[in-house]
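What follows is one chain in structure tokens, specifically the form predicted alone.
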Amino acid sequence: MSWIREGELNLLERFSANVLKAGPMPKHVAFIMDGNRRFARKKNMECLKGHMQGFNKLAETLRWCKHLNIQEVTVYAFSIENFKRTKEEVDGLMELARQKFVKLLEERENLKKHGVCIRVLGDLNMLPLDLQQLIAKSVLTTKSHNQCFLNVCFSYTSRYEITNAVREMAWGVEEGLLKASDVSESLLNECLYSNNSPNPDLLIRTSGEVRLSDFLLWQSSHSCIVFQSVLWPEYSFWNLCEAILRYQLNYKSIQKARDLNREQQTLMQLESDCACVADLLQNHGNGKPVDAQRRQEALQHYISCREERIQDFLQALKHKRDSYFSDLWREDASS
């Protein structure tokens, strides 16, 4: 099954899509694609076939999203917790992933035609080396595409992602790229696997489960979260429309919460900068009072230096992450 499914919506689907698009539309939708194993049991088929049906549904869902002008989709493909499943199922899922990334590379021209950028988020070191190399090829092959984005969370949990982001900031401090006082919510956000993406507007979980299962916990704090009872392989265009409608009904309160959060973060950063400047002036001012103008100049200088440090750190972090994928590709080419 292709990653990108061609085909138009039928007349009723097109009409419904146009009605929805008259209102506020989510630009980024995340899916917890739950219910593949229950679907397999329901149909008396092998577990792996249920996962294969789940991938086919993803390809179909991406087509619907394209017609609905949803530019970015993030999916929970494989949790770190899934390694605890039976060896047979884990090995089967790894083999299925190999097949799908090989297929993706075969379809590179089609992906280029549609401008699809594939990103894989997670700790890939936990995966077999050959699968890491396939993923690296897929990511680098589509890296320059910018019309739509598919983020595949593979070997991922949100708590692990947040922990890793803290490690990255600690690395920046150890390397002298950052000061401890530079650490903030906004910087942590830039150190997440998902730093190249806006936070999801809408997060959907299928199968009737009403928990996030350690998926995008940080990023979805101000997202519309919709739980639907349908099993993922049975997901329909109309299920997606229902979720979008629920997003639209809650749009104003979501935006208000996001705006308030941005204001709070800006205020917290300013308070932190002012406190740092006050300490500096006190330590280097020989006890003499500092007038308002000098204090303001010192604050502006401190903010400028902090922003420069952070940009240098983020460039170094990007280089480190890019090198990981590049090294995997070169290693595969030389073997």
Partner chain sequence: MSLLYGLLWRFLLALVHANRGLVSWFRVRLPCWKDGLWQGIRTALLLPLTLIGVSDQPKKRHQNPGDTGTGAVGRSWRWQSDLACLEKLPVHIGLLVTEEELSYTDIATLVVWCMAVGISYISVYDTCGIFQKKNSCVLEEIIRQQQELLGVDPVKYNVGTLSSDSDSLQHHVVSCRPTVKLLSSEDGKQRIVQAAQQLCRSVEKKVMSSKDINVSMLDIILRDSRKIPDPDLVLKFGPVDSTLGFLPWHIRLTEFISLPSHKNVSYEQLLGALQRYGSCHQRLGQ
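Numbering follows the first chain given and starts at 1. Quantities reported herein were computed from a predicted structural model and do not represent experimental measurements.
The next section is about a form of this same protein that is not shown, the form predicted together with its partner chain.
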Selected contact from 209, 91, 123, 234, since only one has a non-hydrogen atom within 4.5 angstroms of its partner chain in the predicted bound form: 209
Go through 143, 112, 167, 262 and name the one with a heavy atom inside 4.5 Å of its partner chain in the predicted bound form. 167
Output flag, 98, 195 and 238 jointly within 4.5 Å of its partner chain in the predicted bound form, heavy atom basis: no
Option from 112 to 120, 127 to 135, 253 to 261, 145 to 153 whose residues, in the predicted bound form, bring a heavy atom within 4.5 Å of its partner chain: 253 to 261
Does its partner chain get within 4.5 angstroms of any non-hydrogen atom of residue 81 in the predicted bound form? yes
So in the predicted bound form, does residue 294 come within 4.5 Å of its partner chain, heavy atom to heavy atom? no
In the predicted bound form, does residue 188 have a heavy atom within 4.5 Å of its partner chain? yes
Is residue 214 close to its partner chain in the predicted bound form, meaning a heavy atom pair under 4.5 Å apart or at it? yes
Which of the residues spanning 11 to 40 lie within 4.5 Å of its partner chain in the predicted bound form, based on heavy atoms? 15, 18, 19, 20, 22, 23, 24, 34, 37, 38
